[in-house]
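Coming up is one lone chain in C-alpha cells, specifically the form predicted alone.
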C-alpha cells in the first residue's frame, strides 16, 4: 500500500503560484481604466472609439496569426495580452487621429512585433511602443499635430473659456495647443494642478498623472510590477533635468517636476518599462534598465528634435535587455569563479 506521504517527483518549477498570464493581463487592463476615463473626460468620447478600434484590431489580428501558425486559438486569444497591447497603443496616440491609424498600428504590433519573434514571451520590443514608433514614421503629420483640449467639458473650460470660431465662422468645441514639452520659445506653460489632473494637450492616456498613479499603485499592490522600476526611472529623469544645460528658452526647461509630470513619463514608467517580457530578469538588471531609460529619455528631450523621449528610450533599452541579462546573471549557488 502506498503511503499518503510518498515523495512525489516532478519537473521544475516546484513552487507554483496561483497567478497566471490571463489574471495578470486583465489586471493590467483594469489598472488602465482610470487613465482612459481621464482621457475621455478631457478630450471627448472619440477617444473611446480609438481605444475600441485599437483593441479589437489587436484581438482579431492575434486570432488571424494564430490560425496561420496553427496554434491554439481560444486560450491564447483570451489571455488579455492583445487587449493590453491595443489599449496601450491607443493611449500613446493623439486624441483626434483618423480611424485607420490605430488599426494599422495594432496590426503591426501583433503581427510584426509580437508574432514575428514567436508570440507572447518571445518578442524583443514592447509591441505597443514599437507600433507607436512605426506610426511616427508612417504618419508623421497626423501623429505630430492637432493636440487638443476640449472646451465643452468642465475641465477644458478651466483653461480655455472662450468660444473658438473656425475659418468658416462656425463654433468649435476644441482648441489646438502645442504639446506641453514642445521645444519652441513662448510655448504655453501649464500649472501643476493641470498636469496632475490631466487638463493639458497630449496623447489619450498619458495626461492625467493621478489616474496613472492609481493604476500603477494597484499593479504594485498586486505585485505584478516592481516598485523600483518606475521609481528609478522617474528619479533618473528628475536628476538629469537638474544637471543638463537647457537648450530651449522656456520657463520649464530645467524644472524637473514639469518634466516628470508632462508628457508620457508616468505611462511609460508604470506600464511599459515594467513589461515582464522585454525587460531584464534580475533586480540589478531592472535597476540598470530603469536608470538607462531615464538617462536616454532626458537626453532625447534635451538634445533631439523630438519633444518626447519615453518611447524611443524604452525601445533602445529593450534592445539592450539580453546584454543586461548576460552581465547581471546571478552566480550559481556553490559555483566558484576560477582564477586565471
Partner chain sequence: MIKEVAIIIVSMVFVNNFVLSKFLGLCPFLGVSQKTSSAIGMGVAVTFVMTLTSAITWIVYNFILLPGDANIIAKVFPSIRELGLIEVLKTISYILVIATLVQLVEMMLRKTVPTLYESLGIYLPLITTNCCVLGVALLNTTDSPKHLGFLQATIQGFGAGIGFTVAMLLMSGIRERLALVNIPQPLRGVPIAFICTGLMALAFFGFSGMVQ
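Numbering follows the first chain given and starts at 1. Quick caveat: nothing in here was measured; it's all calculated off a predicted structure.
The same protein has a further form, the form predicted in complex with the partner chain, not shown here; the description that follows concerns it.
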Three-residue site 22, 210 and 217 fully in contact with the partner chain in the predicted bound form at 4.5 Å by heavy atom: no
With the partner chain left out of view, which of 83, 260, 112, 101 would have a heavy atom within 4.5 Å of it in the predicted bound form? 112
Within 4.5 Å, heavy atoms only, which of 139, 224, 108, 232 is in contact with the partner chain in the predicted bound form? 108
For the chain shown here without its partner, which stretch in 285 to 293, 50 to 58, 298 to 306, 35 to 43 has non-hydrogen atoms within 4.5 angstroms of the partner chain in the predicted bound form? 298 to 306
Proximity of residue 134 to the partner chain in the predicted bound form, heavy atoms at 4.5 Å: yes
Just checking whether residue 118 would be counted as a contact of the partner chain in the predicted bound form - the rule being heavy atoms within 4.5 angstroms. yes
In the predicted bound form, is there a heavy atom of the partner chain that lies within 4.5 Å of any heavy atom of residue 312, even though the partner is absent here? yes
Taking heavy atoms only, is residue 124 within 4.5 angstroms of the partner chain in the predicted bound form? yes
Which residues in 48 to 71 have a heavy atom within 4.5 Å of the partner chain in the predicted bound form? 69, 71
